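Here we start with a single chain on its own, the form predicted alone, put down as structure tokens.
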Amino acid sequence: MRHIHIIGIGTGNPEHVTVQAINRMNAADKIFLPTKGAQKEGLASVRREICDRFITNPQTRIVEFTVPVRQTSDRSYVGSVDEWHAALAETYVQLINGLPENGVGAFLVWGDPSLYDSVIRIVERARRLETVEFDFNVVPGITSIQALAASHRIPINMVGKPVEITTGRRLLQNGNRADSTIVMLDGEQAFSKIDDPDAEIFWGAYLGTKDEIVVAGRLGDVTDNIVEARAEARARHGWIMDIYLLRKGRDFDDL
């Protein structure tokens, strides 16, 4: 039976790649590397750099494939994602079917495959198509949450208080509810649109890489700085991966 490794590779710093991940990469016949066009070539370049640095097995091949474009016109968010995942599942089936019988393939996933990434569910969807028989396992990776906390030298939670992990879209819908809120996938820059100026924000982009940018402070004081830094960085690189923590209150302030 064919087998797939779903490997977390951290936030872009090759030094975040674990020994387990390196071993799984070198055990693969093929590593499937997604490309998303010229505008996001930097994302593929980081994956290639990781492969160049750590793959020592001369039998391991890199197979690049084009990621289908998600269609959003006249579709709900959930509907457009479902349609996109269906197209990706068909693409995955073709890639996996190209493995030799009992061959091993690998997908490299930003951060950890369990956190706001869909490769696991798409691989499951591909398996349910029953076009090609295969099994898979998951290798954990360093998340952008961990990298953000490390770069700002802070714990994520406050003593005895909850943490919420959400998206920018949900933050706009629900507001800043928790004492500590991690916000991912925020293309709308929701932090600049919520009415909570006294909250603290710890923002970071390209975390763990040479291009890392971090900003922290009272939300009402640093929002414009983050918006400006984010726009400039995205224009320069053609893509951006950022994340932030919103925090209200202090440790032990409810005693």
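Fair warning: this is a prediction, and the values are worked out from it, not measured in the lab. The first residue of the shown sequence is 1; numbering continues from there.
Keep in mind that the form predicted together with a small molecule is missing from the display, and what follows is about it.
Which one, 200-208, 217-225, 51-59, 25-33, holds residues whose non-hydrogen atoms are within 4.5 Å of the small molecule in the predicted complex?
This holds for exactly one stretch, 200-208.
Tell me, yes or no, whether Leu185 is in contact with the small molecule in the predicted complex, where a contact means a heavy atom of each within 4.5 Å.
Although the small molecule is absent here, Leu185 would touch it in the predicted complex, with heavy atoms inside 4.5 Å.
Look up in the predicted complex whether Trp110 has a non-hydrogen atom within 4.5 angstroms of the small molecule, and give yes or no.
Taking the distances in the predicted complex, the answer for Trp110 is yes, it comes within 4.5 Å of the small molecule.
Would you classify Glu83 as touching the small molecule in the predicted complex, given a 4.5 Å non-hydrogen atom cut-off?
Because no heavy atom of Glu83 falls inside 4.5 Å of the small molecule in the predicted complex, the answer is no.
Could you confirm whether Ile243 comes within 4.5 Å of the small molecule in the predicted complex, counting heavy atoms only?
Ile243: contacts the small molecule in the predicted complex.
Give a yes or no on whether every one of Thr11, Tyr116 and Thr143 sits within 4.5 angstroms of the small molecule in the predicted complex by heavy atom.
Yes, because Thr11, Tyr116 and Thr143 each have a heavy atom that approaches the small molecule to within 4.5 Å in the predicted complex.
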